[in-house]
Every structure is written in structure tokens, then in C-alpha cells.
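Only one chain is given next, in C-alpha cells, and it is the form predicted alone.
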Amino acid sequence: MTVAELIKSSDKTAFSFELLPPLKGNSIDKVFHTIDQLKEFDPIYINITSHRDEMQYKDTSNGLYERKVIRKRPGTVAVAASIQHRYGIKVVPHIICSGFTKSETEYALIDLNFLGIHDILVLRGDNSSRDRFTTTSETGNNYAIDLVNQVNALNTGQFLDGTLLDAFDTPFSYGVAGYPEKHEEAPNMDSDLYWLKQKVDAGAEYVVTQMFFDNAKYFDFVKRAKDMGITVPIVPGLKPVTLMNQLSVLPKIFHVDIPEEFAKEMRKCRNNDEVKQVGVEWCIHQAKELMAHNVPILHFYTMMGTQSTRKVAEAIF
């Protein structure tokens, strides 16, 4: 069954979570350890993030910049295959526009097909902080809707070089991202929802939201999406806060608001251990309210917070 089919067939709120591939040169054991800590809660799928090359610029003695290309987290496809082989849990690797050519994307999708992995999350991907030094490659997809169209073409046997072959026996099924507090580059929420609907109309079977800390914003987002004619499941994304600096870092990086009630409790904390406890309590509060509204899945962003995610799961599942 596809992720979309699993969502629709579930008679209660399910559990899923997201993982990062290990840093280049590191063992996959840390990934396995995270799964071992969470598998008892019966995740219906595990997301694996994808990461672009990054550019580092170093001043040189002649006043020019020396550019160095690095890839900190390679291996999304390999990690997905390893997890599926070891645990038999459905995996959903991210396929992103940012930093990849259409040809690289096509080969990644071909590899996934060989491996029997046909559920993906199609995303534009975050822009690098160094993008101001570069221009978008003409050989890449600029937006998620472009990537959606490439996946759709490949599903029908249309390859980039013009080759027409038989369609894959199992087409790719995919979800896309949604932003309860609006994508940072969207001029307004209506415009953001317009483009979300384009992706759903093109074939996206579900939506996974950016993390949020105010459930009212999720409920409003779902209502506005339905009013726009978006009828696919909208999966809420949650993150237990684990560090004191996340009070400012998360809003800056992910463009999300932290409710004052939550922020006030975090400001009382004297160390990260106390922050973790407050973060778990707030996330449990969010999760219980969302479950009371019969959300199909609770999707957790586990970044540096496996134990906190486990504590939340123990309290609600």
C-alpha cells in the first residue's frame, strides 16, 4: 500500500517521523539507533531528508573568494534502502529541486524504482545561505510543481532524453509540503494555497506540514485548504523543542511563531534539560488536541530529539 492508502485506511491517528542521513563519513548506526527507539510505536512510514551540495567561500590573499563545494549529508537513497531492508518499514525519501539537476533527479528515481521504493516526498528544498553568490541552474527544477511534473512524466515512461519506454510497473506516489504559517517567499496565504492546489491537482496524494507550535494555525490552514478545494489528507508536523536557543533559532530558520505561553515557559528554564521537559509537555498538549480532531497521522521531526519524541509517543499512543 502507498502512504496515501495507509493514511486513508487507518482507523486511528498513526505515527510517523523524519530522519536525517548521517553526516558524510559517519556510520548509519545512529540512524538505526533512532529507529530502534521509536519502532515500538508502529510508524507507518519514515521520511529521510535529502540535502544539496553547499558552497563555502574563503577569502584568499589576492582579495578573491575561493569556492569549495561540500556535501554534508549524502546517501538519502542508500539510507532509505537500508532502513526498508533492515526493518521492513515503509520509507519515504525526500526528492528536492534545490541543488540537483533534472538528470540527477531522474537517476535517483530510477535507483529508487530498482530498489522497490515508490513513495516519495516532493519538495523544492531549502535555499542555501550562499545562494546569493550563484544563479539557479538551467538544468534543474526551480519549483516543486516542476519536480511534480518530472515525476509524473517518468511515471508514464517519458525520460529526459526523449526516450519513451513502458511505464514503471509501480508508479511513484508522492506527497508535498504545506505551510500553516505561509511559505517565506509567498506574498500571502491565498497565493501559497493556490500553488499547493496546483501540486495536489497534478497528483500529490497528501500534504505534510512544516512544523508548527500553535494548533489554531494548523486548523485554520486545513479549513482554508478545504475551502480552496484541497481534499487530500493534511498531516500535521510536530517537533518537541529540546534546546534553549531554539526559542530564537526555529522562528529564524523555519519561519514559525512560538506562542507566548510556550515561550514564557521556555524562558523560565535554566538549562536544556528543563527545556526538554517543557518541550515534551507542549508537544503532548499539541498532539492530544490534534488527535481529538481525528488527524490521520502525527508526523514528528526528530532532529536531535529522539528521546523527547519517544516521551511524547509514550504519552499519546
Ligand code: FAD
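Residue positions are given as counts along the sequence shown, with the first one as 1. Remember, predicted model here, so these are calculated numbers, not experimental data.
Here the subject shifts to the form predicted together with this ligand, a form of this protein not shown in this document.
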Counting only non-hydrogen atoms and a 4.5 angstroms cut-off, does Y179 reach this ligand in the model of the complex? yes
Test of understanding: in the model of the complex, would L123 fall inside 4.5 Å of this ligand by heavy atoms? yes
If we define contact as a non-hydrogen atom of the residue within 4.5 angstroms of the partner, is Q286 a contact of this ligand in the model of the complex? no
In the model of the complex, does Q37 have a heavy atom within 4.5 Å of this ligand? no
Joint contact, L112, H118 and F172 to this ligand in the model of the complex, by non-hydrogen atom at 4.5 Å: no
Heavy atom within 4.5 Å of this ligand in the model of the complex - the one residue of T101, Q84, N155, Q210 that qualifies: Q210
Considering non-hydrogen atoms and a 4.5 Å limit, which listed residue (I96, L238, A204, V79) is close to this ligand in the model of the complex? I96
Hey, of 179 to 187, 101 to 109, 225 to 233, 239 to 247, which bit sits against this ligand in the model of the complex at 4.5 Å between non-hydrogen atoms? 179 to 187
